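Coming up is one lone chain in structure tokens, specifically the form predicted alone.
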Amino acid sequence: MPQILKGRDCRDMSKLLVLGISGSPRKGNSQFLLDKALEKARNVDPDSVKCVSYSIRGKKIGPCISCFRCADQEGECTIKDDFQELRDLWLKADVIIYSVPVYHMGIPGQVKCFIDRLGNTLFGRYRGIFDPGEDKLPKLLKVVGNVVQGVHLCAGQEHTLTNLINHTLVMQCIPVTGDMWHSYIGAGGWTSNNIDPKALEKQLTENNYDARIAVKSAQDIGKRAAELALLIRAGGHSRKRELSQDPIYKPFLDRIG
């Protein structure tokens, strides 16, 4: 089982770090699918892959207030809450797997607050590696997989996946899907109109077809994300001399050691 993170994680540079983020204020279906994805990610190579799980449940992550102070504070957000803990873990990770419920045809507010502040603060954080006046983000090259589930069949799963894919691209990272036909742009599932936090877990024990597909999709996301990240890491090591000539790759090279 993946490590359930309760505090700051010490990075083992020798291992690929997979960070699973449960974006639900409940402990239920999103965490269940995330656990399935992380299990498959770790099994790609248990000696080389480390998985940690983080939940926004009980966390306080306020919205960006657009003060732009982070630009002059080396990317440090002026709001002090649980954002900083998750940001530090996000930056250390080679793979991010988001598992979220659909809220109003999109991502939950807590997750939106996090990615808004993450995007803005990183411009200030990395400003020093570029020439003066160049405000841009480096090629972070994290692999990002997305798992989404809703109560209803057509409840915004694809809209939510698209939200997360756009976030991935803006952050100069790489989106990954599972395997067709189960996963076109990410893993999507529904709980057959059941609002129970344990709905998918119960339906899987009953051999419910849609629950099985949701679980398989999540597992495929975890597996392919870890595989792709290992390939990217190997490529980064083999081309380190060339990539080190361009500051845009510095955070990626620093991360892979």
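Numbers follow the displayed sequence, beginning with 1. In this text the structure is predicted, and so the values were computed from the model without any measurement.
One more form of this protein exists, namely the form predicted together with a small molecule; it is left out here, but the text below deals with it.
Only one of 205-213, 27-35, 66-74, 219-227 places residue heavy atoms within 4.5 angstroms of the small molecule in the predicted complex, namely 27-35. Contact check for residue 62: no non-hydrogen atom falls within 4.5 Å of the small molecule in the predicted complex.
Heavy atoms of residue 152 reach within 4.5 Å of the small molecule in the predicted complex, making it an interface residue. Using a 4.5 Å cutoff between non-hydrogen atoms, residue 102 counts as a contact of the small molecule in the predicted complex.
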